[in-house]
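There is one chain below, alone, in structure tokens, taken in the form predicted alone.
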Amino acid sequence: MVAIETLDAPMRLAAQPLYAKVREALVGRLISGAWKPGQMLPSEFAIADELGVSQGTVRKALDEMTNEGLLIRRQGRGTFVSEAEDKSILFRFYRLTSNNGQGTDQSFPESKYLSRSLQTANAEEKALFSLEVGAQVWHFERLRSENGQPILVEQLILPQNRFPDLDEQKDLPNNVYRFYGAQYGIIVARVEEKLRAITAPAHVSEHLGLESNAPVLEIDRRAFALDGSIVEWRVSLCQSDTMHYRNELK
């Protein structure tokens, strides 16, 4: 029997399989920061003993979390909380590739930050991040390049209440998802994207070396943390002469 008192109240629904209850309890430890990115988990036996379930039930919960990219198993070493390493980000969240099939699907694009500011959230930002009146958001704009070739300009918007003290950070690192986890314990679990073709604003055309009024692909992305809240709004404007968006459905 599961030691129910060790599981959060929302996980006590009888309709849930036992391994699912265990999974949700363990995900709760990621959300709370009890288990941090890069940290090694206790053994399956120790977790099973703590929760009062079988080792097989724990293994099934850990397998599911591994398949979701939340954990990583290292042969002979143990199970660890995943970090947003460059290769994992490329595999899970990056869908741009060159038209010749080479380049960005193999390496992480470089970043150059163009601007940063702390602003009072507008109505759309307040609704998106569930902010109160007067709350502030960070705005970062950066140019991303592949092998020295500019490929996109993107704006990152982050709620200040989730990312305090960014004014002490000269620039965000290239791999921001890894930074979110290491610095703030925020693990990006999934993203939602909307795509459309638009005319490039003048400054975007200049940075990407495009002609005036050239078309670009707009990728509007919302990144969700493990607790289901939106922690990042990102709008990327990508040049489409040499790049395309690729997605594989199974």
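We number the residues from 1 along the sequence you see. Computed from a predicted structure; not experimentally measured.
What comes next is about the form predicted in complex with the DNA, which is not displayed.
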Exactly one listed stretch (179-187, 30-38, 48-56, 214-222) reaches within 4.5 angstroms of the DNA in the model of the complex by non-hydrogen atoms, and it is 48-56
The DNA contact at G228 in the model of the complex, heavy atom, 4.5 Å
no
In the model of the complex, is there a heavy atom of the DNA that lies within 4.5 Å of any heavy atom of P173, even though the partner is absent here?
no
Under a 4.5 Å heavy atom criterion, is P42 part of the interface with the DNA in the model of the complex?
yes
Looking at the partner-bound form in the model of the complex, is T79 within 4.5 Å of the DNA by any heavy atom?
yes
Does each of K194, H207 and L237 have at least one heavy atom within 4.5 Å of the DNA in the model of the complex?
no
